[in-house]
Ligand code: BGC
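Below, in structure tokens: the form predicted alone, a single chain.
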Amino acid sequence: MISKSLRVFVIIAVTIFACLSCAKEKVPGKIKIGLSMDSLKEERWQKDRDIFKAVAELMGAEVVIQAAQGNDATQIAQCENLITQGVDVLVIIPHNGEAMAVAVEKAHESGIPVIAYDRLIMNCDLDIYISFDNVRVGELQATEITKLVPKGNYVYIGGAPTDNNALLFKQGAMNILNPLIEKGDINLVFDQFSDDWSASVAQKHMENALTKNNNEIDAVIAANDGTAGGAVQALSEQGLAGKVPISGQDADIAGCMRIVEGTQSMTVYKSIKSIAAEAVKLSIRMAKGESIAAANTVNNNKKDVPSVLLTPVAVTKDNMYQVVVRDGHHRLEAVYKNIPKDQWPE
């Protein structure tokens, strides 16, 4: 059963994307899309799965979904299984962008095109990549935090080192931080990636940073809302939650709640309905053998991969309602659950 909130997502997706007019056209045969997912542990990926499937079905396609729960060997085996099932196109959200090159090669051996969804697959003849401008994500994070704390001791808590996006987020953040570091305004006192985007690993990083610096931390750039949540927990244990600005990403419900409550400073909203609907459109076109012209390319160490890069949006307490709630990403009642009702936006 599709939940009421998911129906809202799909309705908005249909409205925004003219491509969904294809839903009224008859797709020759029934296109089968294989969706190989790194994990379904996080709220964000559950929404990607649900919206991708719902939009594909509206457009007359079938989706076969498998999730590897963060295991590279499992994900490769699942891709092989999807290929065996005769999918017309394979969409991969890789756990490890290096390891999944094998899956791309195996798909191509069977004449199946491959789309890398959100995360780039490296060192292979990838057909197309769809994501957001991930360098810009990091720039947005650092820009918002440096507005709040232009000088002081900074901590950087990154995502999974196996995820190329984590490298791009850090690249973007450092585009903003490096000039301030060179001026001596900012001192980067701690800098670590977090395996598998783990909140518990991020919490340990934050605890270590606080211990090594006698709690003298002025700002934290966390790569996503999960790692931000771990860092906030460590800050809370020292009575510093809400006193130390911290970034995030993905506009998870927990992150959005922390923002309006004051313990997280910002997140980056990446419209899931936008990337899911665009990925479905690309999948159907590729399955039909149509050529795809992309405005951008991203190098994966083997080729300049044609790329569709969507625009991320910085979200703070000030624009939470306008960006996240009005776009249908979360309900007003969920985001502002712990805020007195007379303080809710109108």
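Throughout, we count residues from 1 along the sequence that is shown. Every value quoted in this text rests on a predicted model; they were computed, and no experiment measured them.
A second form of this protein, the form predicted together with ligand BGC, is not displayed here; the remarks below concern that form.
By the criterion of a heavy atom within 4.5 Å, S247 is excluded from the residues contacting ligand BGC in the predicted complex. Remark: E62 does not count among the residues lining ligand BGC in the predicted complex, judged by a heavy atom distance of 4.5 Å or less. At the 4.5 Å threshold, heavy atoms of Y156 stay clear of ligand BGC in the predicted complex, well away from it. At a distance threshold of 4.5 angstroms between non-hydrogen atoms, E42 is in contact with ligand BGC in the predicted complex. The chain is drawn here without ligand BGC; in the predicted complex, the stretch among 213-221, 161-169, 70-78, 83-91 whose residues come within 4.5 Å of it by any heavy atom is 161-169. Taking ligand BGC as it sits in the predicted complex, the stretch 102-136 comes within 4.5 angstroms of it through a non-hydrogen atom at D118, R119.
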